[in-house]
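Starting off, we have a lone chain in the form predicted on its own, written out as structure tokens.
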């Protein structure tokens, strides 16, 4: 079974026959004991430390359809090595572009992303409200903003409503989380532990969506809610909106309230707060476990993993833009 590999140490990655060879390098430049990774077991690579590589390696990774995601010192996503598309479909590309260019079709899809994201946020808030966390005020605010959606005439105004919904949702984090405070949402850089966690796990969710898009006929640069821009995969942002409340936020609540993370897992500075390597490893272990959890799918009548749910979302989007089946975004039913 393929899986993700997370590289924290600096080193050199190279091809060794049909295997990947990673040689760690310490601060003095001394090489450590090489590790060999069977290429058939690799789904993608996440590089948090510096990695030396050559074109031979990337040619090899490209042939194996292995994506590589890169991050800077401050844990910001900086880019991906994206092998050439292997599921090319001119018909899907044209239909996807048409749905972006025609305002009614684009607005229809953008609205569904926002409504599904808000639905999943409300699901979380009601769960905690029923367990004694008083999130009623935030629930009422979000419901009020949802009533404004039918009156939004442009994607920009819809994005404004989405921003208000998310701001109200984040207000409840200090009620739900027991020992850490979030305050305002800060990103570049995160100002405290909760903001650091949100940024880090949001980034994992974004790359998950990007990975799943790559394995469909969708083009990752043509989006509907977020504005397509130069050098960014904005469709991954659209799909991530739907899944962040279920995958990202629930994970953060669990990690903090079960005390799986502590102050010692964060590097705090006057200017920023970031996860230390120990914290990243704890989060990634929990993230991978979450993605492999399965639920009983109501339509398919079988168990599917959270990771596969994201891929199913991409397939639903393909069916919608090809006129096969109306897109019904994922809404948590449990």
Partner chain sequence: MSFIISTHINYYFICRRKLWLFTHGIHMEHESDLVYEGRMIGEVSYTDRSKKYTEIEIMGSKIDYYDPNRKIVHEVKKSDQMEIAHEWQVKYYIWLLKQSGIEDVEGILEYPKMKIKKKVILTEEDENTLKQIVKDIELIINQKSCPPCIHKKYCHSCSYFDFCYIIE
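Numbering follows the first chain given and starts at 1. Since the structure is predicted, the reported quantities are computational estimates derived from the model, not experimental observations.
Although it is not shown, the form predicted together with the partner chain is what the next lines describe.
In summary, the region of this chain contacting the partner chain in the predicted bound form, judged by heavy atoms within 4.5 Å and restricted to 31 to 39, 49 to 57, 275 to 283, 293 to 301, corresponds to 293 to 301.
The partner is absent here; in the predicted bound form, the one residue of 191, 207, 168, 217 having a heavy atom within 4.5 Å of the partner chain is 217. Contact annotation: residue 87 falls within 4.5 Å of the partner chain in the predicted bound form, judged by heavy atom distances.
At a distance threshold of 4.5 angstroms between non-hydrogen atoms, residue 176 is out of contact with the partner chain in the predicted bound form.
Using a 4.5 angstroms limit between non-hydrogen atoms, residue 92 touches the partner chain in the predicted bound form. Contact annotation: residue 311 falls within 4.5 Å of the partner chain in the predicted bound form, judged by heavy atom distances. No residues of 152 to 180 lie near the partner chain in the predicted bound form, the criterion being any heavy atom within 4.5 Å.
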